[in-house]
Every structure is written in C-alpha cells, then in structure tokens.
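First comes one chain, alone, set out as structure tokens in the form predicted alone.
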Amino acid sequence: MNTTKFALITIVVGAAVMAFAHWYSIDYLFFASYTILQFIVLATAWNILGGYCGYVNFGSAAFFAMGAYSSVFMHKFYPLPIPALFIVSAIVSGIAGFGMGYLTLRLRGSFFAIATLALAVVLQTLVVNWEYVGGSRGAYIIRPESIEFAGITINYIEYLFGLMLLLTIIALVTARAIERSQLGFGFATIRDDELAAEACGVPTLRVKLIATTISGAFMGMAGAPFPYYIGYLQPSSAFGLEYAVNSIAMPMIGGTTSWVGPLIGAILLGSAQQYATVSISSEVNLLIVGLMLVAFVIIAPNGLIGLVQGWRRAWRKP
C-alpha cells in the first residue's frame, strides 16, 4: 500500500472516530480521547529518533513544553488560531531539536540520553524564571466555550479533539512514509551499526539531524493546544514526568521498529491510565507505566509487534 492510499484510509478512519465521538457528545470522552491522541503523537515522534535511529531521548517533556509555552507566548503577544500555533510550535521545537542534535549527536548511548535529560532541566529552569509566560506561578488561558467553523457552532473541547486527531493522522502518515523511504533505511543502518553505516558512506550526522528536527517538531506540535486544553499551564504540568516516561514506554510496549508500535502502545497504556484516573486516581498512572514496562520487558522485550512477528515465524516453521 502506497503512502497516498494509507493517508486516505487514516483520514477516513479519523473522520469515523470524529463522527462517533460527536454522535455521543460526552465531554469526558473528548477529554480522555484527546489525551490518548496526544500521547500517540508524542510516542510516534519519540520513535522517529529513539526507535528508527536507536538514540534514546529523555527530553521529550522539554519539546512538549516548548510547544505549550510557545502557545502561551503567542497568546500574550499576538493571539493566533490553534492551527497557526501548530506551525509556530513546530518551528520553535524543530529548531531546538536541530540545535540539540548538532550539539549532542556526536555523543552516543547513555551520554546522549543524559544530555537530552539535561536539556529538559535547563529549559524548565529558564521557564520558571521567565515572568512573561507566567514563571513559577503559571499562566491562565481562558478558552471560549465554542467556536464557529464553516457556519457551525462546535464545542471548543470537540474542536481541540478534532485538531489533535488531524495531527495524529499527519504524524502516523509521516512516520510510515519515513519507515519505507531511503531516509528510513538510513535510520535503520544507524540503529544497527553506526560505524558500519559511516564506513559505507551514509551521512550519519546529517541523517540524525533530520531525525532530531522532525521528532522535536512533532513533540512541539503535540504541546501547542495543551494550554487551551488544560486552561492553566505551569512548569510542573508542562514538564511533567509522565510525558518523558510515557513517550518512551509506549513505543517500547508496542514495538520500536515500526510505526504501528507507538500507536498500539499509546492506545493500550493511555486507555489504562485514563481508566485508572477515573476509577482510582491519576497518581497511579506512573505505577501502571512501571508495571506494564516490567511485564513487557519479560514477556515481549521487542514489544507487541516483535511478539506477534515471533509467533508468525514459529507458525510458519514446518
């Protein structure tokens, strides 16, 4: 199936999901589904660098927060519609991803992971001391109750859900297109053996910079509507541990070598967390992540995709 057909199928599925959610018109369904879609984008973005290239990024929360605070800045400086904020956040986070890659991609393994974690700490310190975007006190974003779109009045939460659904489709189509392209093969050679890839003439630094830029841009776009979704943004919520942990755990649960893995992992883990939030407390979300990670590391170290592929190979043997 080529990329165009896949994009059309995802658009049709997205439209069906939107119609289903609009038909039932349950506010919490939109809230919960928005969060799951947000994590699908984050997990897919992380997987472009961490799964395809093999470079573990612990700074996902930093790029997410960059997108969120870009929206806060523009809200105070010159208010823009959220689709325009997607573009602004993608530019800001993409440039930051390129800069991070240029400075740190000469590092490998745990040294690179620690450097990305340090980036998150530095950015959080800057935001805490930047009064224009609220500083340590945080910033309120008063969203409207509804919005006019094509002559139709739409609930604002439903509007945010629709935009995040569209972003999810774009992220999945992009990840799948990369996976099956020459760029994706370059990513795979770096993941398998970077020294051998360099010896074969693969421009590894350039390829890794492309990966960090695309990954950072999508993470920033995932954070762009967040201030309007939550209504109040503070550093502890934007740089929350759950964003860094979930964006890594979801691809590992689903499988990191395919675009399907982050999607499956985000749906499974995100749904479990939303159910726990309603039935128990949001405080157990990180516990759920830990338990699922331990279980999958033991049962399926290559994720659900790897587990299924192993079963298929075993089934085909005579």
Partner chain sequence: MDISFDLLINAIAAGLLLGAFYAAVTAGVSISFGMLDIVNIAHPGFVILGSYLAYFININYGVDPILVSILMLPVFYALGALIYQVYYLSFEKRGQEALRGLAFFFGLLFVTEVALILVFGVDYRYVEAAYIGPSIHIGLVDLPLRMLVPCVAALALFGAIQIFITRTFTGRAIMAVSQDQLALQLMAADPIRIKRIAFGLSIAVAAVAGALLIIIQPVEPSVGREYIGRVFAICVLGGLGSMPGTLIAALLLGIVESITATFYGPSWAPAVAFGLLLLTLAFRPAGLLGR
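This is a predicted model, so every value here is computed, not measured. Rigid core here is just the name for the largest C-alpha set that superposes within 1.5 Å across the two forms. Positions refer to the first chain, counted from 1.
One more form of this protein should be noted, the form predicted together with its partner chain, which is absent from this view; the next part is about it.
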Report whether the minimum heavy atom distance between residue 46 and its partner chain in the model of the complex is within 4.5 Å. yes
Determine whether any heavy atom of residue 41 comes within 4.5 Å of a heavy atom of its partner chain in the model of the complex, and answer yes or no. no
4.5 angstroms heavy atom contact with its partner chain in the model of the complex for residue 248: yes
Would residue 29 sit within 4.5 Å of its partner chain in the model of the complex, counting heavy atoms only? no
Can you check 76-84, 216-224, 123-131, 162-170 and let me know which stretch has heavy atoms within 4.5 Å of its partner chain in the model of the complex? 123-131
May I ask whether 11, 15 and 152 each come within 4.5 Å of its partner chain in the model of the complex, counting any non-hydrogen atom? no
Though its partner chain is not shown, can you say which of 157, 183, 177, 107 has a heavy atom within 4.5 Å of it in the model of the complex? 107
Contact assignment for its partner chain in the model of the complex, among 230, 209, 113, 147, heavy atom within 4.5 Å: 113
Within 218-246, which residues have a heavy atom closer than or equal to 4.5 Å from its partner chain in the model of the complex? 241, 244, 245
Taking 2 Å as the cut-off, check whether the CA of residue 300 shifts that much or more between the shown form and the other one after a rigid core fit. yes
Is residue 33 displaced by at least 2 Å at its C-alpha between the shown form and the other one when the rigid core is overlaid? no
Taking the rigid core as the superposition reference, indicate whether the CA of residue 285 shifts 2 angstroms or more between the shown form and the other one. yes
